[in-house]
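Just one chain follows, in the form predicted alone, and it is written as structure tokens.
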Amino acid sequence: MPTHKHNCLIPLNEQLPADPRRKSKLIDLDEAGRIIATKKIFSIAGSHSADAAMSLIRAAIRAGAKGMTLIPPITTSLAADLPIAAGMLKKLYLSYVGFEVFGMAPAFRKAAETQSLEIIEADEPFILLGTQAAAGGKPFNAVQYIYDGTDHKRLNPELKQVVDPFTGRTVWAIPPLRADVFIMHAQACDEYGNAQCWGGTGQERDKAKAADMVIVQADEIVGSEVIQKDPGHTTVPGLWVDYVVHAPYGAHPTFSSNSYAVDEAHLKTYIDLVRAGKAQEYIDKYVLEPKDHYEYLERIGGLRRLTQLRSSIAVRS
């Protein structure tokens, strides 16, 4: 990973913008996709089939993103598998990629079997502590014992052994996992980037601080007064955010916490097509052919299907 001067080391007056007036950070989805496609390393949040920044991922694929490295959350599904199927990735830090009750992630499994993707055998501590090292401007994070009885030391070339200067014991060093861009899904965000997640796993803040750029997609763009009424839900402050994209139902087909449910039928469609060797058929229909995000929503069932997914959350709660 490259060496970066962390914000905590820069005097506050040097971080302040020349113009103190706040400016809108809203951009359209296609522009965000083009920005992501220029980067080499990107990170995502969410978990399993929840709160994934799917609209931004689809936009990046449309923009021709290739040869990228993905730093995932500790668990993920389509948010990693679709970029693999689309040929967007060259490297993946692996903790868990799968579809829970629907089984293994088909594009990931094929890439692993054919060795067409560089896979770093990570785990939850590696992802979390590596991200925290980058977020805190640390050269590494150290842990004891946990890799001694595993194959990680053989399978993960980025794990290093160092001597603890206080005890003289040998410990494992986890490198900082810094990204060029972090993309995240939020339920609500104002135009200045103050993003609220109504669920999430708590990884969002570290991921944001561990990236050179942050792009937020939000189901709803709200006024700043709405954010100020409930500041406890402001997961990532606007100071850390570079761009905001309005993407209603942008997490689809994953679920958006306390907003709409996972679209299991659509996930099954994706899995069946990829397992049958028809990944490009899915990518053409749901990623490349729709002229914009709203046409994508029409293709997945339109207002009727979206209402069903939102109603499912209301029934469960």
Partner chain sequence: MAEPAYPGTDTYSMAEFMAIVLARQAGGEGETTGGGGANQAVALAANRLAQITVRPDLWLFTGGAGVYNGKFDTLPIGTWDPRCGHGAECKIYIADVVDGGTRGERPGRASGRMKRGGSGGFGGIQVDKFGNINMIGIGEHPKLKVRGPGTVGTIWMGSASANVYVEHHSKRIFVDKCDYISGPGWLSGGDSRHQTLNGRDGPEYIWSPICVLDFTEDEHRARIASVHPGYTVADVVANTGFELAIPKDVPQTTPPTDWELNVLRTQVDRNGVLKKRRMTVGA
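Here the structure is a predicted model, which is why all the values come from computation and not from measurement. Residue numbers count along the first chain shown, from 1.
The same protein also exists as the form predicted in complex with its partner chain; that form is not shown, yet it is the one meant from here on.
J.: Considering non-hydrogen atoms and a 4.5 Å limit, which listed residue (E121, E158, D242, D180) is close to its partner chain in the predicted complex?
T.: That would be E121.
J.: Here the chain is shown alone; which of P237, G137, P175, G199 has a heavy atom within 4.5 Å of its partner chain in the predicted complex?
T.: Partner contact (heavy atom, 4.5 Å) among the options: G199.
J.: In the predicted complex, does every one of L89, A276 and T307 come within 4.5 Å of its partner chain, counting any heavy atom?
T.: Spot residues vs its partner chain: no contact at all.
J.: Is M104 near its partner chain? Define near as a heavy atom within 4.5 Å, in the predicted complex.
T.: Flag for M104 set to yes.
J.: Please tell me whether any heavy atom belonging to E113 falls inside 4.5 Å of a heavy atom of its partner chain, as the geometry stands in the predicted complex.
T.: Yes.
J.: Contact between V143 and its partner chain in the predicted complex at 4.5 Å, heavy atoms?
T.: Output for V143 is yes: heavy atoms within 4.5 Å of its partner chain.
J.: Hey, in the predicted complex, is I215 touching its partner chain, heavy atoms inside 4.5 Å?
T.: No.
J.: With its partner chain left out here, work out from 123 to 131, 221 to 229, 79 to 87, 160 to 168 which stretch has heavy atoms within 4.5 Å of it in the predicted complex.
T.: In the other structure, the partner sits against 123 to 131.
J.: Which of the residues spanning 73 to 109 lie within 4.5 Å of its partner chain in the predicted complex, based on heavy atoms?
T.: Heavy-atom contacts within 4.5 Å come from I74, T75, L94, S95, Y96, V97, E100, V101, F102, M104, F108, R109.
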